[in-house]
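Below, in structure tokens: the form predicted on its own, a single chain.
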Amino acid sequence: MDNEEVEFIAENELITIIPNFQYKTFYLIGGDIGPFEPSVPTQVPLWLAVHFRQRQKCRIECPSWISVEKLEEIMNNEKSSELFTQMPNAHYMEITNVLLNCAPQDIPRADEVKTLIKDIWDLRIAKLRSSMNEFIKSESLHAKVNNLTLLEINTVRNLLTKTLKELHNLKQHVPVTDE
């Protein structure tokens, strides 16, 4: 799975829009969406919100966790904890990036939000790499990974599997000495 597939999965997350048009309910395989009434908040998948926003058919209502105050709180919690903290959404990075790319005008203080999301991402990836390093050094057979998102796991998956494979190959070729 690559990062584009992870983003594709994230685009099924529901998000609230404020449509500026009227239309009946859409009957889709994934479920019914609508009806759409002007100025009445409606939950739609992220991909549809982006589609409507690009055609200026709606305004996107940001999830409550996409605010400078909430993201600063998440950042402080992540800094103060040795373990990974629970993120407000399993696809926080993908959703924020999609919204910042298609509708930055719908996000209050979008530049600060972008910086905070990047800082949280960098902090979590550094923590993940440090955890991977400790895991490899400990020669453990398994690890418990709580509160990681799919994108975070996917980011280090290839590196970790290749490293473990190489370590396994090296251990097989080292002669065992009996003392």
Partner chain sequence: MHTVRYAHCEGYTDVCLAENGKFLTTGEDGDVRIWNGFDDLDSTSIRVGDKCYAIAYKSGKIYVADEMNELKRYDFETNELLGVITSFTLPITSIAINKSNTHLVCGSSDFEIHLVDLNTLKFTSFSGHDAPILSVTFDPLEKYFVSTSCDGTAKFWSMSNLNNCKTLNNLHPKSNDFIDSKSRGKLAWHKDGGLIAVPCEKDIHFYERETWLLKFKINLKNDGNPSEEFNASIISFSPDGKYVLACTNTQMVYVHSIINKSLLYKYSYTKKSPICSLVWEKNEILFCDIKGNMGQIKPTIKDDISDNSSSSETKKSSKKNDENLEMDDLLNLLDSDEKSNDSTDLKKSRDSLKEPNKKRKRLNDDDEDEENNHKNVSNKSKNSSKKINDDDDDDIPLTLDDEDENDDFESLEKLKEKTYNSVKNEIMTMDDNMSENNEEKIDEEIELSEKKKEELFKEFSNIQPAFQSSSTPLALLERFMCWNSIGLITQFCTEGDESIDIEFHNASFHHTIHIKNQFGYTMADVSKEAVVLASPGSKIEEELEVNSVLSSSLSSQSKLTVILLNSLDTTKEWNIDMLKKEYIKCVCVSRNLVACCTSRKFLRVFGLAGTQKEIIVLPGVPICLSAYDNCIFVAYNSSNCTTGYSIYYTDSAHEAEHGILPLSENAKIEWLGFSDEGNPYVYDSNGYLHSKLWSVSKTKVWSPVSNLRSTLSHKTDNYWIVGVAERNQMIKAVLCRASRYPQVLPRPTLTTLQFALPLIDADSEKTQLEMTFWKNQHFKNGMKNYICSSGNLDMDQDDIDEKVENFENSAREALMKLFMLACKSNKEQRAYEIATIMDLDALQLAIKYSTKTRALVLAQNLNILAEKKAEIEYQKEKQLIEENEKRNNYLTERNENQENNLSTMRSQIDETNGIIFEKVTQSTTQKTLNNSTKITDSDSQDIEIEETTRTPTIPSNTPRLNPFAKTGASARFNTPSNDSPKSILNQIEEKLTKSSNKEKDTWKPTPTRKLTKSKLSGTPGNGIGSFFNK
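Positions refer to the first chain, counted from 1. Being a predicted model, the structure only gives us computed values, none of them experimental.
Heads up, the form predicted together with its partner chain isn't pictured, but that's what we're talking about next.
Undergrad: Is its partner chain close enough to E37, V40 and E61 in the predicted complex that each of the three has a heavy atom within 4.5 Å of it?
TA: Yes: each residue has a heavy atom within 4.5 Å of the partner.
Undergrad: Could you tell me if K24 has a non-hydrogen atom within 4.5 Å of its partner chain in the predicted complex?
TA: It does: once its partner chain is placed as it appears in the predicted complex, K24 has a heavy atom within 4.5 Å of it.
Undergrad: Look up in the predicted complex whether I18 has a non-hydrogen atom within 4.5 angstroms of its partner chain, and give yes or no.
TA: The answer is yes: I18 has a heavy atom within 4.5 Å of its partner chain.
Undergrad: Can you pick the stretch from 113-121, 53-61, 66-74, 141-149 whose heavy atoms fall within 4.5 Å of its partner chain in the predicted complex?
TA: Result for this chain: 53-61.
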